[in-house]
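Next up: just one chain, as structure tokens, the form predicted on its own.
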């Protein structure tokens, strides 16, 4: 018996990487203009949570923080097999950095109550900090396994393999624990027929939807608004550049000896100007 009963997976809605989101004057992403999608790294975390449910039992709760449209990814998680979803949505959370985000999410997890395993993606495509998962583990005083590429549960303990520089590390830890799942883990499996049908029913029936997807606020989880949003974010965006905004050109040099290629590159105007500085 594994003793697994409750699994929480943190997922986030991020701007679609194929869309042009644009920037706000304060340097933050203009999310209102961007198409939305489930954070690609969180797909591995969701697969890990569903694997535990399928292999060892338990119930999967998908937890997200964001504006009301983030309900979309909770429905997507249900389509894949999650049992329920919680969305922390509050205007006072706007522009939260990793510190404020981790604080708010840890309050949500305390609100949800007992759990055995907590999964997060390695990072998000809109921030790429890989900080939120470990910060939550610290706030909850949990054992944590980062960059996890595989795991099993034996005798009530987590046996995990994590990626390290030059190889891997095998670790064993007690439960509950937090795991950040690397993209070397298994890809997210197809949506289930049952899950897809349920999601469609939830879209048609608001009362039924409220039984599976719960929207909560900072007040519900007893979070201090002063520690959330811009007020609780010590990180300051000093300057932001839009990639590709300035433009440029590229020339190809190939099929010649190394001496000739080096001379051609050094003869480029940009290289000469750089060398003068």
Partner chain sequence: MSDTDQIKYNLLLVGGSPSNLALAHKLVALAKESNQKLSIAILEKAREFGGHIVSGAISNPHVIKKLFPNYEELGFPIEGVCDESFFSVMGAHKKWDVPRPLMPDEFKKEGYFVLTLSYVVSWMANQLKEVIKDVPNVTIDFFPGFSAHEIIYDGNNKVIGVRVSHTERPDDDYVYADVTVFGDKGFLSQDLIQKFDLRQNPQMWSVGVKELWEVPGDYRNKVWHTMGYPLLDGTFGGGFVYGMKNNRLTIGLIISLDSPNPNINPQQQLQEYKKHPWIQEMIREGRLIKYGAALLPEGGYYSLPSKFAVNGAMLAGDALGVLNARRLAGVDMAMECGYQAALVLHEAFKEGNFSQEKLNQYQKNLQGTFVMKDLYESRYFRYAFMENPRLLGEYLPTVSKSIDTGSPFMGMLKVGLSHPLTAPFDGLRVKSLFDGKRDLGPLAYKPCREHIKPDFTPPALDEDTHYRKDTIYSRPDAVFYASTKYHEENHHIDEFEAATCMQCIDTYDAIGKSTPCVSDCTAEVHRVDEIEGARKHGMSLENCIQCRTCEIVCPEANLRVNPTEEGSGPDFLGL
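Numbering follows the first chain given and starts at 1. Computed from a predicted model, the values in this text were never measured in an experiment.
One more form of this protein, predicted in complex with its partner chain, exists but is not displayed; see below.
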> Hey, in the model of the complex, does residue 212 get a heavy atom within 4.5 angstroms of its partner chain?
Replying inline: yes
> Could you tell me if residue 169 has a non-hydrogen atom within 4.5 Å of its partner chain in the model of the complex?
Replying inline: no
> in the model of the complex, does residue 268 have a heavy atom within 4.5 Å of its partner chain?
Replying inline: no
> Given that the partner is absent here, does residue 204 sit within 4.5 Å of its partner chain in the model of the complex, heavy atoms only?
Replying inline: yes
> From the list 140, 198, 95, 184, which entry has a heavy atom within 4.5 Å of its partner chain in the model of the complex?
Replying inline: 198
> Heavy atoms within 4.5 Å of its partner chain in the model of the complex: which of the stretches 98-106, 190-198, 112-120, 175-183 has them?
Replying inline: 190-198
>> Using a 4.5 Å heavy atom cutoff, which residues in 44-75 contact its partner chain in the model of the complex? It's fine if the answer is none.
In response: 54
